[in-house]
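The data below hold one chain only, encoded as structure tokens and taken in the form predicted on its own.
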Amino acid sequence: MSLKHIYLLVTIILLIFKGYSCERLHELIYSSIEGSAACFRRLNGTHQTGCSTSDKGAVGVVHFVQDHDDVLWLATNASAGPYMAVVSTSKFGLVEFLIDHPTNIAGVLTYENASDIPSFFTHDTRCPNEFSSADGNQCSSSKEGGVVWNEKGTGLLKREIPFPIFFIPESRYEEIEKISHCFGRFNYDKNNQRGRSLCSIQLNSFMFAAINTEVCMRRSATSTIVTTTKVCDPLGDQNVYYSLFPRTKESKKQSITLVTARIDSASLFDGVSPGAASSVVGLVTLISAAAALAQLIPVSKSNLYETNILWTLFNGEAFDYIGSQRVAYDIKRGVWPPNAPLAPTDVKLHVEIGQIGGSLSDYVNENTWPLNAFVPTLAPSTINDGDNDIQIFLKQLSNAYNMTIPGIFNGSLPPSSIHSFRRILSNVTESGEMLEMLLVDHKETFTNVFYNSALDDSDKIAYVYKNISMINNVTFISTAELIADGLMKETDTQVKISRLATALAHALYQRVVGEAYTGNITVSAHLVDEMLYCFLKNETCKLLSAAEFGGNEGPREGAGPAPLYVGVTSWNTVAPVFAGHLLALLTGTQLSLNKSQCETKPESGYTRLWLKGWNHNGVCIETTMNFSQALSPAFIISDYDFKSGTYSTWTESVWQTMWARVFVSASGGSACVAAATGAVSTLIAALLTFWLRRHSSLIFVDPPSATIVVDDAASGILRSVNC
């Protein structure tokens, strides 16, 4: 082996050991905080909200916050700041004080503790979507008194926060124990921390967007000329719609009863928006009622009736009603649904299943839970008319539910998609041509005190998964059999929701057919149990696996609930796809076709989907279900004024990475010693160099110059060598 090869081999070995040592050193210094979720930045037409760090992250000394004295100490007396406050969700209200006094605060790490659950945790405003409400709204977050729907709301979801906030769920509580151990070892004496090594945390969640939507959209449009990096994206996704009977241009003579609910929820933190009471209970009620009605009225009898039911799930409602604004706007333009557009006067009744899950945990020992129906003010001549169309339907629903659902005729309507229709289609809503009803479980204020937050999970609706097997892997057990066999009780959340969904299906049956339903088809609490599990516990469940596209091979990765946050239009989320496919699977017609045959064009008014099916062998479903864009009209109107407030203008910042880590920072004394040592060493080296240069003649002796003459006649070359 040549000397060159030996040098190369030695260099490679040294580089390998150097890299290994650096990696080991990094692991010794830093410990990643796994499973955390960060607060991020959103923007609207006038300002920015949420959190961001600098591009280098935020570093602070760890301090556990237990009470108000701790936050006062952080804000006024802390000597080794800036500090990273670590606080339980039950004490999260103290963070508002830190937001107002941020000088000494680098960030906040909040964690969920199952043994210390807060009495409320909602960060939307006291009047959600206040500035997109219809006329007559009496709720105002900025004024005292009057109606306040979200009484416990802190408004942090719509506020700019001056430091980063990260969230650690209960499933990652070991990370808090790790930080607590570090804190107890190094930061135990809070009054004598200066000049000592301290347990610290670094958070990184740098956001590219800033100022407002108009600015960030302009910057994104400009940046594409030079680079592909975007600054922000509009919030939006897909709406889901399904009609009981197929709608074609020829069958448009049927009047429409529109039944709606919302898909989405929200929270401060990326990827954590369970939405149990905020949206999931309403979503599950709608899907299961639609499935029951499809059995009650076969599609083959569509030509017998003059009323059709159009079920719609709106997405993006947490941010100024993105989905419903788009549908109302498209109805006004005459372009929704695309295959057979509605005219505003075609919709005779709009029933919205609003927020109905908040009080379920308060009635765990009862067979039902109270509901109310808000009805916007009708024309004066019809308010007290007992034969009014909407009052007839409300009576039918109450009879089917076996419990009176009182109507509240009030111009101040709770937050709901109906606000979009009342604003955009005011001609038909105010005249009473389009009657509206909002079904909720509250009166003056929300019963859901975890509205739009990371803690609005299955526990808040008293849900416990029963995990009951289907008969022959394809049939859900009826509610009556479940109760008779002792598998469920009348007080179970699943049974209560199935009773309500059954009542809604039976009332709609009477509206379509003209007579009360007398059969025994009901919504199965078994089906409700599985749907709640899929949306709240584990998206890799058997129900949603059956509703997947048939081409997907193998199980999906990532057990856990699918977040219900609307996301951005450039990336479709899984929640509306799951909801739409589930509607298709439960209501559609199964055809004896293979995959290639299924992809042929169906009859007018239908679409075809190749899904996995219950046995995962693939099944062709013919359905009237489809998707439409849930993107605010603000982003499709040329030269729209983003400050006008007419339509939703929410966007989301782009970011690269989010991470958190804990480490022990060097003491100030060590840093001073290192600096002093470096300064002294530099001074000594400079003095020594100066002395050597001045006295070099005494230390170094110039060598004699020697010339070697080679008298070589053959070469005739004179060579000289300096020694």
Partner chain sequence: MDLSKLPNDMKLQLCKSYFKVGCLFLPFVWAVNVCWFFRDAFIKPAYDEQKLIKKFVIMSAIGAFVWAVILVTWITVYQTNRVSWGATGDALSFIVPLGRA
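Positions refer to the first chain, counted from 1. From a predicted model like this one, the values you see are computed outputs, not experimental measurements.
The protein also exists as the form predicted together with the partner chain; that form is not presented, and the subsequent description refers to it.
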How about Ala277 - does it come within 4.5 Å of the partner chain in the model of the complex, if we only consider non-hydrogen atoms?
no
Hey, in the model of the complex, is Arg42 touching the partner chain, heavy atoms inside 4.5 Å?
no
Quick one: is Phe206 in contact with the partner chain in the model of the complex, heavy atoms, 4.5 Å cut-off?
yes
Though only this chain appears here, would Ile117 touch the partner chain in the model of the complex if you measure heavy atom gaps against 4.5 Å?
no
What stretch, of 407 to 415, 242 to 250, 456 to 464, 211 to 219, brings heavy atoms to within 4.5 Å of the partner chain in the model of the complex?
211 to 219
Pick from Ala291, Cys139, Val231, Ile161: which has a non-hydrogen atom within 4.5 Å of the partner chain in the model of the complex?
Val231
